[in-house]
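So this one's two forms of a single chain, laid out as structure tokens and tagged structure 1 and structure 2.
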Structure 1
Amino acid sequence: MAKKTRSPLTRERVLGAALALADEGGFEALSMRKLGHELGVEAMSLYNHVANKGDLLHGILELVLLEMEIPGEGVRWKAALRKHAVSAHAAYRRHPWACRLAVAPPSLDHVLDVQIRQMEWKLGRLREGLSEHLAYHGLHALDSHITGFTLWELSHNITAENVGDLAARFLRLFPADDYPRTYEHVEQHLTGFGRDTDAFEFGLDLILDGLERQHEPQTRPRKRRTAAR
């Protein structure tokens, strides 16, 4: 389970092995010592290819961010942003440690190019369909849904395997009579109640449709104020 290849150590190989280690063993399985062992080398050698652990973490986060799709010009702004968000969510699901890293970066100084490029793209597409004011808040709403929903989802982490255990334990701790709504909700998760609607996309559409509607308040004006500076 170590010393797979004998090719020379490079930053690229170090990052690749680190990503693999985090993917299979979880975030806390990734230590400099274990990573070194995986590469058939002592932990201290890694510092020849990586400044420190923070640099390493930013490096593997970058690999995940690069997996996220940036749709081309042919797609309308809302569809393009929707596609990107779905793809970002999928990438974070493939690497469950990455979202926590994106939200709590080891160093605030270390800003990745890909992060700025994605932000620039998102703002540009938002401005295609929205006012300055709505684009400003729309970015916040969109970004916080992508990372927020993913983190929330991961923390509950209901998978096909553990869902039975989780429900059983819940029912043991909290009798159904005292918490009927919660009991019902857990049951709905078990029976695949919401399977026809993806939960991530449901919230995403609430946001995107809401933004679009606020931009065109001509039909049935509502109390909410329009995009005023």
Structure 2
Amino acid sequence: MAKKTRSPLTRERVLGAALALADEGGFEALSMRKLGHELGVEAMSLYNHVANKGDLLHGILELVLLEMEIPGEGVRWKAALRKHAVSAHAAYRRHPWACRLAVAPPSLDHVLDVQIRQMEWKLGRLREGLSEHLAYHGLHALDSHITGFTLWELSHNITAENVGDLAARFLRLFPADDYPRTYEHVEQHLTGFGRDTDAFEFGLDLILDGLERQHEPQTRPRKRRTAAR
């Protein structure tokens, strides 16, 4: 019987397996020993392809960031930034560990070139439609919405299966007579209120529309005052 040949070990194969393990158990649970076992090799052989654990995390985070769409120049600045933000949110949803690692890398050595390239692209697109002042704050608003909303969303342990029990427990602790608006909000969750609107995109549009509106008065020509007669 012919002996089954194993695919040669490459950096791409190592990172692909590491990405899958991180998606399954988080990047904290990722180890060279576990990765070597997954690939059917000794852990020491991995160091021919990644320098250390930091390089490994650097590599798999880069794979996630490269999934994020960067629209071409033919797309207007606002639509381009919206596409990128929606794509970034989706990538972080697919890889729940990645957002936390991107926001708080272990050291400056782990700030990726692709992160800086994306920042440069976002600032460039913002400056196409906005003033320097608005572009400065707009970048922070966009990035904080992408990462902040995603981290908030991923931290919830509410599912379709347990939402009823959680709501009932909450409402026992905080009666409707004392917290009428909060009670109403919980009831809305239970009845599916607002599910026809994507919450991430709703907040994103508020940011982009708000930036555009703030810039509009600066772009309109001022009316000349007629001299008093």
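Residue 1 is the first residue of structure 1, and the numbers go on in sequence order from there. For the two forms, the rigid core is made up of the largest set of C-alpha atoms that agree within 1.5 Å on superposition. None of the values given here were measured: they were computed from a predicted structure.
Shown first, as structure 1, is the form predicted together with the DNA. Remark: with the core as the superposition reference, the CA shift of L35 between structures 1 and 2 stays below 2 Å. Once the rigid core is used as the reference frame, the Cα position of N52 differs between structures 1 and 2 by less than 2 Å. Comparing the forms between structures 1 and 2 on their rigid core, the Cα displacement of V186 reaches 2 Å or more. The two forms, fitted on their core, place the C-alpha of R169 6.6 Å apart, compared between structures 1 and 2.
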